[in-house]
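Consider the single chain below, provided in structure tokens and representing the form predicted alone.
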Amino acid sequence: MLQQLVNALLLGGIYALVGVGFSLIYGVMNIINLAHGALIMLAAYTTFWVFQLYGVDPFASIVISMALFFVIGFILQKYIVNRVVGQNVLMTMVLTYGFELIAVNFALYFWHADYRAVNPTYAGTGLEIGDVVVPYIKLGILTVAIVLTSLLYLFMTRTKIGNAIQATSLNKDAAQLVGIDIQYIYSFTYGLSAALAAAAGTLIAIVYTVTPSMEGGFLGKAFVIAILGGLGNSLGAIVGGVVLALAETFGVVVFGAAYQQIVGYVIFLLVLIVRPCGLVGRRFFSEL
């Protein structure tokens, strides 16, 4: 049982990164970004090819993938998504779903549906503490997830642009009146969200096989994690990720592998009914 708890906490690190970028976009722009899973998938492929062709360690490639996808996200928002921001939610969902379809078909065309995996030399090694084994890779992933989420919180609360993002999320019109460039803030936020999705994709590539179809599963998880913790809340992404990981891990132990996903979604529905703003969210206010 203790081993299962450790596994769930380590998995929660990946889930936190999966959800935090999705939550950030919704909290600032009120956009349900259906391209989030596709960005994770493309970043996983980026990590695979950088490792396969140049031998770059997957943990080191986080910097590469985050920088690359920040630029991609910034450009997508600046020149395409900004044209429909302020329209109804359905319009932005259709647009981002279009991005998702293009990304998946791009991956299928160039890389086919083959399963690919990143296997660094230290894969399979771990720290043994009594009967509990802590894989070094998953421990490293948890550490990176905590560091990145903490840096995001500090960025949002201690920097000028972070405060501008929060001001925009709270009251766009008031932010514009004090001189904040709303369009730039939206582009920067989308780029930041894409960079966080890229970090999640890089870490996922180390422990999961990479395929074009992986995006759907992680998009669903991102939505669940963001709702569980509270939309627009970076701390909530950690809480939501850990809760979902615990639910899935112990769901397998109690009910069997066939019910792993169901247990997570049941808890998701219960939270929606009991506390719609999320476990650590606030009503009418998003604390990024």
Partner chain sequence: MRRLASSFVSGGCNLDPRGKFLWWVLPLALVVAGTLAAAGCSATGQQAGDSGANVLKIGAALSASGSLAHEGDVMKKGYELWKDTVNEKGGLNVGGKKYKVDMVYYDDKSDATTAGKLVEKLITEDKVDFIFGPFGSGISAAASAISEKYKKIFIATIANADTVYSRGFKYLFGILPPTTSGFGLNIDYLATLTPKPTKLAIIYPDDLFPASAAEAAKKKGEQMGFQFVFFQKYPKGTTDLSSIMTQVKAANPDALLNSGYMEDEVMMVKAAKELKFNVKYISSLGMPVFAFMKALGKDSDYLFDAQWWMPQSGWKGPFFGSSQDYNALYKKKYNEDATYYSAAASAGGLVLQTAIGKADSLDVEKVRAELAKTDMETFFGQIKYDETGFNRTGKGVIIQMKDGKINIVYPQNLATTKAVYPIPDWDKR
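If you're wondering where the values come from, they're calculated on a predicted model, not measured in any experiment. Positions refer to the first chain, counted from 1. Definition used throughout: the rigid core is the maximal C-alpha set that superposes within 1.5 Å between two forms.
Heads up, the form predicted together with the partner chain isn't pictured, but that's what we're talking about next.
Heavy atoms within 4.5 Å of the partner chain in the predicted complex map, among the stretches 147 to 155, 112 to 120, 194 to 202, 166 to 174, onto 112 to 120 alone.
Between the options N88, T159, T143, S213, the residue in contact with the partner chain in the predicted complex by a heavy atom within 4.5 angstroms is S213. Every residue of the trio E128, V252 and Q261 has some heavy atom no more than 4.5 Å from the partner chain in the predicted complex. The closest heavy atom approach of A257 to the partner chain in the predicted complex falls within 4.5 Å. Although the partner is absent here, F218 is a contact residue: one of its heavy atoms lies within 4.5 angstroms of the partner chain in the predicted complex.
Heavy atoms of Y79 reach within 4.5 Å of the partner chain in the predicted complex, making it an interface residue. Heavy atoms of I206 reach within 4.5 Å of the partner chain in the predicted complex, making it an interface residue.
Core-superposed comparison between this form and the one not shown: the C-alpha position of F255 differs by no less than 2 Å.
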